[in-house]
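This document opens with one chain alone, in C-alpha cells, the form predicted on its own.
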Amino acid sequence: MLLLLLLVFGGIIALEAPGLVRKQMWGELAAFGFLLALGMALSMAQMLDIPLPNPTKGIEALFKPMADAIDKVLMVK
C-alpha cells in the first residue's frame, strides 16, 4: 500500500510540476511542493499507524480564551 501511495504522489508531481516550471511559476511551485510534501508525510504517517495530532484540539486551544471572554462580557451561562 505504501508503494501505491508513492506512485499516486509521483503521478501528481508528474502531471503538475512540469507545467509550473514551463510557465516559470516559482512561487506556486514552492507552495505546491510544500503542500504536497506535507500531504505525503501525513498520508504515510497514517498508513504506518503513527499517531497524529488532532487539529481540532489546536483550534480549540486557540479560540477558547476568546470565546470565554465573550461569554463573560455577554454573561452567558
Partner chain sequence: MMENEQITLPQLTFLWVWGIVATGILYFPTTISRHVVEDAWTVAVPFFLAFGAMIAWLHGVLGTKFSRMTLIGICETICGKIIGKFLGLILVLWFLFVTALTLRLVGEFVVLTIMPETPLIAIVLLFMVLVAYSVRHGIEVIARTGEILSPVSYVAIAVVVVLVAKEARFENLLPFMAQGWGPPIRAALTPVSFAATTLGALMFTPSLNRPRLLKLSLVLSVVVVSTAGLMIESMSTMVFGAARREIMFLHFDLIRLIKLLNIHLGLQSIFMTVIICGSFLQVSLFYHLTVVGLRQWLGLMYYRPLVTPLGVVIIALSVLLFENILEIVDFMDKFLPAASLTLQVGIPCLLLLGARVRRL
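Residue numbers count along the first chain shown, from 1. Treat the numbers as computed from the prediction; the structure is a model and nothing was measured.
There is another form of the same protein, the form predicted in complex with the partner chain; it is not shown, and what comes next is about it.
- prompt: Taking 4.5 angstroms as the cut-off for heavy atoms, does V21 touch the partner chain in the predicted complex?
  reply: V21: no, not in contact with the partner chain in the predicted complex.
4.5 angstroms heavy atom contact with the partner chain in the predicted complex for L48: The answer is no: L48 has no heavy atom within 4.5 Å of the partner chain.
message: Does any part of I70 reach within 4.5 Å of the partner chain in the predicted complex? Heavy atoms only, please.
response: Close contact exists here: in the predicted complex, I70 approaches the partner chain to within 4.5 Å, heavy atoms only.
- prompt: Does L74 reach the partner chain in the predicted complex, with heavy atoms at most 4.5 Å apart?
  reply: Contact check for L74: yes, within 4.5 Å of the partner chain in the predicted complex.
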